[in-house]
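Single chain ahead, written as structure tokens, the form predicted alone.
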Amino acid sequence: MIKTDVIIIGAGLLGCFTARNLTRYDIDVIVLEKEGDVCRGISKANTGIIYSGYDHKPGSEKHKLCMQANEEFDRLCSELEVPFRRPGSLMISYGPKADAVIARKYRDGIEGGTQGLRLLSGSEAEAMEPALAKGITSALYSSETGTVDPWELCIAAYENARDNGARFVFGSRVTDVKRETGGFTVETKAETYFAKAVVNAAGLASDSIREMSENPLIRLFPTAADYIVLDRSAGSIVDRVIFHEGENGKGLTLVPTVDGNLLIGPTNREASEEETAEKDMRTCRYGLDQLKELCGEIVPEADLNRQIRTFGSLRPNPYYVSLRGGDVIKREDSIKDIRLTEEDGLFSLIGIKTPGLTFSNELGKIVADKAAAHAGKTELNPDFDPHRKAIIRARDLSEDERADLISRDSAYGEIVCSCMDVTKAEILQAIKRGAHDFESVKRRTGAGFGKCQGSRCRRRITDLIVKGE
């Protein structure tokens, strides 16, 4: 049996940021992840938007954390050397029902102290974003909305947590959690662990993990989403994140990503039984067709022939449940705010939806502080370093900087992924940092994210992984 102070189940954004914040203490932390790498679940499949806070009820936990996180995001990304942009956002409407929603969000934003908000006329919005369909009736501009790559942020948090002493064990699916005197026994197929405190950040499995030791309280009832990604040649069609508020609810979202692509989505549809049972994030042809149709209406100039990939996601919608005669009964209203369950050393993060990416570090700090206190480890780690050095990306350098880099490392002169201008040196650094398959390299370097989606560089990257050069 391996003994530790705190076990974290799940190495998505919340798991990795909780681990990073725990290493601020003089404490022993182990993270168990069922997949072979970080950010392989719901953390990787979202729009990557950093919200400014106006979209949430003033005074709610989501609102408070979102406001705090948005203000601190530049500093966080500077510490972790993660690319981050603030293009701002524009929420647009084409009718009276949506106008009323936008007016309410503006009032909530002002009441809640959100900075950089402006209520615009339709003509003002059309002047800001000429590619949008004419006829906009009102719009809400937010200067503080940002974008980030979810996996880059998660990988950075993981590397910083690991470098500060957290231990990550991949391929470790948790099969049981039992309460014991003074803590918990956590079982995987390969090992048994004992910890004074457990943080359950298992994403779509977080309700199941909690119920290994507790009676049912909250369960997830996922809905599915579909996304389309257009090539970088289409990324400049809009300058800002576009939120379309439809007359019958949320419509289209357009995101110019930090890498220059254009992300379209998401849909909101019922997940199939197979998707729900297997936690399988796949796309649906109907959903993709719906996105394309809506895109043609809202941004008719978008060239959908420049599509390079699609992906799906599951939203972890949480509901309170109760036991009745041995059956689990779902209550009517979903949980709208953050619900962190604290049960004598078991801290469960169940159904942390949008804007969970935005405040993953802030919520991770709250959970880390609670878990460390429960474990009796409140002494700070004098060696904690919040900074993480990113892999140097040749495509971000000037010609002179690139030439200087090649003079010091000739591998920076060999292009492996021509679509994304990724060099052999970057791939080798990713492998050295723990990338063990094509997907791991792709998320760390961008290789394979271009037009050909890795068809020209996959074999070369796989060879480099196998050789471990």
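These figures come from a predicted structure and were not determined experimentally. Each residue number is its position in the shown sequence, starting from 1.
The next section is about a form of this same protein that is not shown, the form predicted together with a small molecule.
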Mind telling me which stretch in 319 to 327, 357 to 365, 123 to 131, 391 to 399 gets its heavy atoms within 4.5 Å of the small molecule in the predicted bound form? 357 to 365
Which residue, 428, 416, 42, 435, has a heavy atom that falls within 4.5 Å of the small molecule in the predicted bound form? 42
Could you check which residue among 153, 225, 98, 230 gets a heavy atom within 4.5 Å of the small molecule in the predicted bound form? 225
Output flag, 35, 49 and 202 jointly within 4.5 Å of the small molecule in the predicted bound form, heavy atom basis: yes
Counting only non-hydrogen atoms and a 4.5 angstroms cut-off, does residue 377 reach the small molecule in the predicted bound form? no
In the predicted bound form, does residue 172 come within 4.5 Å of the small molecule, counting heavy atoms only? yes
I'd like to know whether residue 93 contacts the small molecule in the predicted bound form, with contact meaning heavy atoms within 4.5 angstroms. no
My question is simply whether residue 240 lines the interface with the small molecule in the predicted bound form - judged by any non-hydrogen atom within 4.5 Å. no
